[in-house]
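Here you get one chain, nothing else, as structure tokens; it is the form predicted on its own.
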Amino acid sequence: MSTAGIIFANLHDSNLPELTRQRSMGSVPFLCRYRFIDFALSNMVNADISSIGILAHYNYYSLMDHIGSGKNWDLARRSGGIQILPPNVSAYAETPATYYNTRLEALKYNIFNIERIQDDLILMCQCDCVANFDFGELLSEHESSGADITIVTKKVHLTTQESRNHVIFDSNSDGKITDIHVKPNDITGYKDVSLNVIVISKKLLVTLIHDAISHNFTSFYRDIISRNLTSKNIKLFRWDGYYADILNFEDYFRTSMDLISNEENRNAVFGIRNRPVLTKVRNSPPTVYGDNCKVSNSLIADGCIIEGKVENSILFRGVKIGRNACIKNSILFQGAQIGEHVSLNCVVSDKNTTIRDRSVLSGNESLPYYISKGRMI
């Protein structure tokens, strides 16, 4: 059966307010040259999904610039390809200015686009995670199991505090979901946690969305999944590979630092030959390393100029490090200009920032120091 993809570009923007004030979650820069949406797009393209719709809410200019025609993912096609779908404010909105806040509301506002999909199945996912999923295996398992809906989960150990951030499933020996707990506050131990990747037939999804519109449902898990546990065959698909959920700014920083130092995790994302992570290609000049610079355990993009010391850090394109500067455990976005004799530790600097000579800035691993876009210090 043919499959179309739907990616939610703005869900959970509020989890990362520092980096999503002027961009969507999908377009948040990550690890030198990527954006979060690259993982979702690449996972779909690697599973031969060539018709993809991106549901964008607001702040999607940088997302449009990054994706362009979709040629970097082989999605620049006359039939299918990639589309960015902004909010379709319709009669279902309470006021003309009402926008959606949940997954189900996003689907309701785009029901007309979903009805035009010609594929048999729809695979839905979002952009607030880092993982190299095998969607091909997922789709094969969905078809062979005869499930109406398949939800990807991962078995993890949860504390009471951690369980409040997740949707948790109970299942029987056949993998059929028997109960659902949406952000509970009393569950601990090893549990199946939703990774927000869902496979469903297009016909069933349209039926469920129309039912949600007529009953004013707003939550996909509470109002759709929970109400259909007995009437539909809803199964889980356990993912055992690497997965990092970005729930806050600390998660973003910790995941970035982990992928620098942990080669096993880095290879689990970027080292799979038949499932490459694709992104927009830019023809930047090579990085220039000065005679007295020192670089260790770092990821450096093209177009940088480094004349100081860089240790355990991530530098995006076009970053300039001045003489005798010391950059440790930091992430510098595109175009950052670092002066001479500057000292940075646990700092995340957004695009086009300037840090003048002899500045000393330091955060903490659990509370990185953030410099907003375009700021001069």
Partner chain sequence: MYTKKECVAMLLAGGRGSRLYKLTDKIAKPAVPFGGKYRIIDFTLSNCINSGIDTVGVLTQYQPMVLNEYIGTGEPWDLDRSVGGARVLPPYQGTTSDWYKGTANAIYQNLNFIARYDPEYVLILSGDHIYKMDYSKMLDYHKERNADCTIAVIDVPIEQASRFGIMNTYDDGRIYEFEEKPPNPKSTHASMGIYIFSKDKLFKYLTEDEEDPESSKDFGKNVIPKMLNNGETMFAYPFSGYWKDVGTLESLWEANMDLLGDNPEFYLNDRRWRIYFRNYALPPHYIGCEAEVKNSIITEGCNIHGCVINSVLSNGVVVEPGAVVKDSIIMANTCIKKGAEINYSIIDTEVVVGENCRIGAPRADNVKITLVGSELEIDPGVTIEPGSMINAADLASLKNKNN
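Keep in mind it's a predicted model, so treat the numbers as computed, not measured. Residue numbers count along the first chain shown, from 1.
Keep in mind that the form predicted in complex with the partner chain is missing from the display, and what follows is about it.
With heavy atoms only and a cut-off of 4.5 Å, decide whether residue 283 touches the partner chain in the predicted bound form.
Residue 283 belongs to the contact set for the partner chain.
Just checking whether residue 288 would be counted as a contact of the partner chain in the predicted bound form - the rule being heavy atoms within 4.5 angstroms.
It does: once the partner chain is placed as it appears in the predicted bound form, residue 288 has a heavy atom within 4.5 Å of it.
Quick one: does residue 298 come within 4.5 Å of the partner chain in the predicted bound form, counting heavy atoms only?
Judged by the heavy-atom cut-off of 4.5 Å, residue 298 is in contact with the partner chain in the predicted bound form.
Using 4.5 Å between non-hydrogen atoms, is residue 279 touching the partner chain in the predicted bound form?
Flag for residue 279 set to yes.
Heavy atoms within 4.5 Å of the partner chain in the predicted bound form: which stretch in 199 to 207, 129 to 137, 258 to 266, 156 to 164 meets that?
Correct option: 258 to 266.
Taking the partner chain in the predicted bound form as the reference, which of 239, 217, 270, 249 has a non-hydrogen atom within 4.5 Å?
When the partner chain is considered in the predicted bound form, the option within 4.5 Å is 270.
Would you kindly say which of 180, 187, 114, 293 lies with a heavy atom within 4.5 Å of the partner chain in the predicted bound form?
Of 180, 187, 114, 293, the residue with a heavy atom within 4.5 Å of the partner chain in the predicted bound form is 293.
For a quick test of understanding: in the predicted bound form, does each of 192, 222 and 227 have a heavy atom within 4.5 Å of the partner chain?
Looking in the predicted bound form, the three residues 192, 222 and 227 all stay beyond 4.5 Å of the partner chain (heavy atoms).
Just give me the residues of 16 to 38, first to last, that have a heavy atom within 4.5 Å of the partner chain in the predicted bound form.
Those in contact are 31, 32, 33, 34.
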